[in-house]
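The chain below stands alone and is given as structure tokens, in the form predicted alone.
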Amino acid sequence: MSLVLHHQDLSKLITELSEKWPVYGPKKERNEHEVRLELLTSAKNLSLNNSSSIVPPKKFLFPAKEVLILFEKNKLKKPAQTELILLGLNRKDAEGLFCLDKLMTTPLLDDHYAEKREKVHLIVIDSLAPSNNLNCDLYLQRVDQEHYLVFPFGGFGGKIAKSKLFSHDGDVGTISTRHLPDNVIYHPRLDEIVENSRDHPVWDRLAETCFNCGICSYVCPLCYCYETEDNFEITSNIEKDCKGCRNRAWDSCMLPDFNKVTFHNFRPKMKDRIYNWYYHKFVRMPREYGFPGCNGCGRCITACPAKINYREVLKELIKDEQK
């Protein structure tokens, strides 16, 4: 007997969850091709066609700008973290968060990220079966137009699955959906190929095209570069009235100032920064973590004002290496 949720009850599930926690999910914009992760109260305008949101779900765990610490006089205070649910993420985005969890907790633990992660619960909805590269609380596999197979994980997922909206049904099977690994991102020798491409002319060509805006990093689910800044409130008596905060904001290795150390810029050329972006994602991260710094979502391709397609770049490197 399979645990099942009927599609007509999905809106009721969202309403039921919203009574206890804020629920966010992918909503269609006026342009049907644009999806944003916004607050949900029902299944109205919920996008379940596996489209990726413009900004990845990392924004809930690693926001574009956030306060890390508040300080006043000799006291430190951390902002309170809000418990919430992310509902409707596709499997690709959920796997991206699984990888981001690894990046932000090993080999060094990012305490602030870890505190947020404990408060964020994931409900994934996809036509594909759940994979091993997930850290979600509930997985809803769409098996036909009317049913979802329900896979609860952990205590929180089991708690949700106790809702009367879920039922046991022996007549619902699973759809057969073939999902092959990406033959570009998961090329068996991609790390060697990219590492040995340091002098390839593609980097000079991209340097003439790239705007160096860093948008590829901002929309990437797995880019995690950041900068910190301390802000002080200046008063007449600093010792008595000193207060302020430490902020963290997204940064990008593609930006020229990112590579400045004291009075030296160790990566001043644009082509070097572009190569470094590819090296980090397809050489360093696979060797350090066992997975590439890319989940193939395509956000960087869609957002790039210069229309640079990293897949075509990798294909060119692979093709030239084979020659």
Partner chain sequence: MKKLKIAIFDLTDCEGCELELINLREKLAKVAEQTDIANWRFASHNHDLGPFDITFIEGSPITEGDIEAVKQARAASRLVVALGSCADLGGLQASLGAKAWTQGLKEVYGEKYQTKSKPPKPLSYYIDVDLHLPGCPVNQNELANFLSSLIMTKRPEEARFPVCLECKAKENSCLFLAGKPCLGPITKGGCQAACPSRGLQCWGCFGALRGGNHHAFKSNLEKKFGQEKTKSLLKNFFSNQEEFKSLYPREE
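Numbering follows the first chain given and starts at 1. Just so we're clear, the structure is a prediction, and the values are computed from it rather than from any experiment. In this text, rigid core is short for the largest set of C-alphas that superpose within 1.5 Å between two forms.
Just so it is clear, the following notes concern the form predicted in complex with its partner chain, a form of the same protein that is not shown.
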(message) Exactly one residue in V219, L86, L97, L138 has a non-hydrogen atom within 4.5 Å of its partner chain in the predicted bound form; which is it?
(response) V219
(message) Considering non-hydrogen atoms and a 4.5 Å limit, which listed residue (V55, L48, C297, A43) is close to its partner chain in the predicted bound form?
(response) V55
(request) Mind telling me which stretch in 119-127, 154-162, 139-147, 204-212 gets its heavy atoms within 4.5 Å of its partner chain in the predicted bound form? (result) 204-212
(message) Is T235 near its partner chain? Define near as a heavy atom within 4.5 Å, in the predicted bound form.
(response) yes
(request) Tell me, yes or no, whether L39 is in contact with its partner chain in the predicted bound form, where a contact means a heavy atom of each within 4.5 Å. (result) no
(message) When the contact criterion is heavy atoms within 4.5 Å, does C304 count as touching its partner chain in the predicted bound form?
(response) yes
(message) in the predicted bound form, is there a heavy atom of its partner chain that lies within 4.5 Å of any heavy atom of W250, even though the partner is absent here?
(response) yes
(request) Note that its partner chain is not shown here; using its position in the predicted bound form, name the residues of 257-295 with a heavy atom within 4.5 Å of it, in sequence order. (result) D257, K260, M270, R273
(message) Checking F232 here: with the core superposed, does its CA move 2 Å or more between the shown form and the other one?
(response) yes
